[in-house]
Every structure is written in C-alpha cells, then in structure tokens.
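Single chain ahead, written as structure tokens, the form predicted on its own.
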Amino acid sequence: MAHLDGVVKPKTKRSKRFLDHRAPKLLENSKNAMIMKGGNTSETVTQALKDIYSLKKPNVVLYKKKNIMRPFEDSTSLEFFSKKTDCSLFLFGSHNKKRPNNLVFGRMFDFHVLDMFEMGIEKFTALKNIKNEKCAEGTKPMLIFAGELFDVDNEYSRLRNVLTDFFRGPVVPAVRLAGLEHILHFTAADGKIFMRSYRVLLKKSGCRTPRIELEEIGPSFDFVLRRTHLASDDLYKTAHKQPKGLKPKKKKNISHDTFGTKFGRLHMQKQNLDKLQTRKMKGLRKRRGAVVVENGGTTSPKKIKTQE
C-alpha cells in the first residue's frame, strides 16, 4: 500500500479488500475483542482468560505471550494492538501483591480507550470443573442483570453497558426458540458482582410452550470492583452519535399504541357526487336521434310522425 498526501492507496486486490473492511460503514462490523495477559499472571487469571475466550468465540483474538503494560497508567500499547487487530473490546489479566487476580474489561472508540473497569477475582470455578454439557461455540447468549446498583449507580450502569458490549455477540435479525440456550447472569449485591453461566433446557410441559430449566455450565466468578476509568460526557455522547443514514425517517399521521398496533390518519378531499360513476345499463342508455318529451321521457322520431 502506498501513502500519498496522507491517503493510503492499495496496490493489490488483497490490500483493497483489507481497507474496505476497515472503512467506516453505516452498519458496523461485529465487535471483536482481544484477550491478553500482563507480565505477571497467576494460574487463576490464565484459566479465567481461557474460559472467557471460549465464551466469546469466534469474535475474539487471544494473545498467548505476556505483554508488560499498565492500562490505567499508559494505554498506548493497548491502542496499538487494537488498531492492529481491529478490536474495539479488550480484556487484560494481571496478578501482583497489591491487586491479586486482576481482570480489566474495556472498550475503544476510534482506537482510543473509552471505558475501563478493573475487577478482582475473589472466587472462581473453571469451565472444566463443572461436568455438564456445554453450549455450542458461537451461541448468542441472553444477558440478565439483577441488582439496584446497575440502575442507581453511574459506575455500575456504565459497567453493565461494557459487559453487554463484550458478551452480546453479533447482531442478528431473528432468533429461533431452540437457539435461546445460553444465559449469562450478572448480580450486583453486597459490593460484589456475581457472574454465572447457565444452559437452558426445554422440557415437555403438556402444552405448546415448553417448561424451562436452568443448568449451570460455568465459568463462575465472584468479582469485586476496584479501579474505573470513565469517558467524559462529551466523548461518551460523541461515541453514541449515529449517522443520518441510520436515523429512522419520521412519518406523519402514524402512531402506535402500547401493544404495538399501528394506527394511521387519512385526510380525504370532499367527494363530488355529480361526477360519481354509476353502473351502466342498456335500458338507461340514450339512443341516437331520441327527442326529449315534456314529461321527461324520450321517444324516437318515427313514433312522433305516426302520432300526427
């Protein structure tokens, strides 16, 4: 690829496809995540990163080598890897004496750090330790957030937004009933965040709607929130700005009720009944040469001559 006046011009078809994939679009590509570990990690952090990687597949990139960085002090390395792999989400794991078993969830905007949340692992059950049947790779999960803190506290509300971005998977137009088989449940209580993973079992209920049971499949986390880095209100508003092409056009005289029924108001002009087209009949048709009689009827010229 050649650089000319600050514009990258592709020389091959492969580089052209690469640039087209990275170019801005009205409908963005699926958000990819990168998972990496710091210079010092524990066995708990390494296994936790692997389990979250298995949940996030296939929209994820896993770095197996250690990367010495401190996201809250200097985020340039994270931004470099984000631009290199075209990932707007990241998960960084580290371990030290001051902050043991540490995970940092974050997201990017224009390849710059937008939000970061540092959470410590207090209790962890790995995916392999729960001997139950797992969901298929790439299954889109259902996300449930329980707890008043997610609605009241600003930091927890932004954390819910980050976790939704991280685990929601690709955007799809429709989902079949049998495809709703994975649930990620987040509960905020007592200053902690509990993450549980369940598999949905559809049982026979004797009617059309099946009976639902939940079976825990792992991984299971007990987090405690440590440090946070929130974007300013102006930057956060800019990140949520939508292009004009995606904004729905407002239609006049159309409304919806609480049940989603569509109502329309029609404005019609006053109808002129003189020009109303009625049904044509042979008996009412005027014949050629007919003469109008005083009583309003019609008669032929031949009948008039005979009457004289």
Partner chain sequence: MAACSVEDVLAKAERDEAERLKSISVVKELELEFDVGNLLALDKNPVELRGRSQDREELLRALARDNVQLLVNEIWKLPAERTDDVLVVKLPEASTKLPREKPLPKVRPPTKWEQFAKLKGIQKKKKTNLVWDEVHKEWRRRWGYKRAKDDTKEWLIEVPETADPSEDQFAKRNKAKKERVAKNEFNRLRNIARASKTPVAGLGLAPRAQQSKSELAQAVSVARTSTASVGKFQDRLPKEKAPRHTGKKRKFQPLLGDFGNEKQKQLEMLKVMETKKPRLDVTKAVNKQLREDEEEEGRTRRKKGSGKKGDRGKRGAAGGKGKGAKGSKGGKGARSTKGKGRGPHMKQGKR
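Predicted model only: the values in this text are computed from it and were never measured. Positions refer to the first chain, counted from 1. Heads up, when I say rigid core I mean the largest set of C-alphas that superpose within 1.5 Å between the two forms.
The following text describes the form predicted in complex with the partner chain, which does not appear among the structures shown.
Although the partner is absent from the chain shown here, R160, D165 and E216 each have a heavy atom within 4.5 Å of the partner chain in the predicted complex. With the partner omitted from this view, the residue of T187, T228, S77, N96 that lies near the partner chain in the predicted complex is T187 [heavy atom within 4.5 Å]. Remark: of stretches 62-70, 271-279, 40-48, 23-31, the one touching the partner chain in the predicted complex is 23-31 (heavy atom within 4.5 Å). Contact between P210 and the partner chain in the predicted complex is found at the 4.5 Å heavy atom cutoff. Not displayed here, the partner chain is kept clear of V224 by more than 4.5 Å at the level of heavy atoms in the predicted complex. By the criterion of a heavy atom within 4.5 Å, H240 is counted among the residues contacting the partner chain in the predicted complex.
For S88, a non-hydrogen atom is located within 4.5 Å of the partner chain in the predicted complex, even though that partner is not displayed.
Along 94-132, a non-hydrogen atom within 4.5 Å of the partner chain in the predicted complex is carried by R107, M108, F109, D110, F111, L114, K123, in order along the sequence.
For N29, the Cα coordinates differ by under 2 angstroms between the shown form and the other one after the core has been superposed. N40 is not among the residues whose C-alpha shifts by 2 Å or more between the shown form and the other one once the rigid core is aligned; its shift stays under 2 Å.
After superposition on the rigid core, the Cα of K65 moves by less than 2 Å between the shown form and the other one.
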